[in-house]
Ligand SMILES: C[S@@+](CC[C@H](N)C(=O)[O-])C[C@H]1O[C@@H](n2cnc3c(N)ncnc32)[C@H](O)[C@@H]1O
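Okay, so here's just one chain, in structure tokens, the form predicted alone.
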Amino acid sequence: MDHLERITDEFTRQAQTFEVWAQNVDADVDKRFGGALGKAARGRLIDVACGPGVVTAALAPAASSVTAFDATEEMLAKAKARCAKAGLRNVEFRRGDAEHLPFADAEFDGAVTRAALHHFADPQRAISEMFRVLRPGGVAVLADVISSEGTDESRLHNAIERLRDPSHVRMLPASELESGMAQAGFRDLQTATWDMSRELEEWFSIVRDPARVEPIRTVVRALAEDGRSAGIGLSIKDGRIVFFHRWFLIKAEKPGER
């Protein structure tokens, strides 16, 4: 199974539970992405790895058009249903690989992606593709969970994530995300960070695979009891295993005049 097949297999199974999580993870998704896009929010947008279309549906009312792009048919079906329920008629749905976007150079005013970069086999290529399809002066807004800047903590965090979901590749530290955007050619980077509290059992329930998560639960509890935080505050409170996901949003512009 190649990596794109692994992603589609995983998110086909997770479609229902992931949709609920994606809807509830950020009450300010419209303000967060729309505000970061600025004037570009009124133009032609692409939502890369759109999942169930939460960001797509939040941005579409103000945009001239939105292309909802994802590798998984079941996720696109969720996105279509969400946009149809909202009466949105300016959304196009396309399936494909974020590392090889099937669009012309300079086709969009804005590009967004949320909670997806850590699933890409080559995140730098995906960032560079977003840069390519943006018009000069276009804006990209990327939001994802990040790992610790400490190498050992980052490795441990990502090992836990991969055991839970084999389509996970690597959550990057913030410094790598910033350098990756700059390497792609983006300028005028602006960032924001916030933490989201999680409970292990709630997090496990999204993947819908009890046989997989049972041994991970044992390992994670042992780590928490041993004081290994994995850079995510892993601990035990009132018998429950808890941690946090640290979110990082980065806004950047493609140089030039639109």
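No experiment lies behind these values; they were computed from the predicted model shown. Note that residue numbering follows the sequence shown and begins at 1.
Quick note: we don't show the form predicted together with the named molecule, though the next part is all about it.
Undergrad: So which of 141, 177, 75, 91 gets a non-hydrogen atom within 4.5 Å of the named molecule in the predicted complex?
TA: It is 75 that has a heavy atom within 4.5 Å of the partner.
Undergrad: Only one of 146, 79, 98, 181 has a non-hydrogen atom within 4.5 angstroms of the named molecule in the predicted complex; which is it?
TA: Of the listed residues, the single hit is 98.
Undergrad: Kindly confirm or deny that 43, 66 and 135 each have some heavy atom within 4.5 angstroms of the named molecule in the predicted complex.
TA: Looking in the predicted complex, the three residues 43, 66 and 135 all stay beyond 4.5 Å of the named molecule (heavy atoms).
Undergrad: Quick one: does residue 34 come within 4.5 Å of the named molecule in the predicted complex, counting heavy atoms only?
TA: Judged by the heavy-atom cut-off of 4.5 Å, residue 34 is well away from the named molecule in the predicted complex.
Undergrad: Quick one: does residue 51 come within 4.5 Å of the named molecule in the predicted complex, counting heavy atoms only?
TA: Judged by the heavy-atom cut-off of 4.5 Å, residue 51 is in contact with the named molecule in the predicted complex.
Undergrad: Looking at the partner-bound form in the predicted complex, is residue 120 within 4.5 Å of the named molecule by any heavy atom?
TA: Yes, residue 120 sits close enough to the named molecule in the predicted complex that at least one of its heavy atoms falls within 4.5 Å.
Undergrad: Can any non-hydrogen atom of residue 22 be found within 4.5 angstroms of the named molecule in the predicted complex?
TA: Residue-level check for residue 22: yes, a contact with the named molecule.
Undergrad: Select, from the options 127-135, 111-119, 183-191, 148-156, the stretch whose residues sit within 4.5 angstroms of the named molecule in the predicted complex by heavy atom distance.
TA: Checking each option against the 4.5 Å cut-off leaves 111-119.
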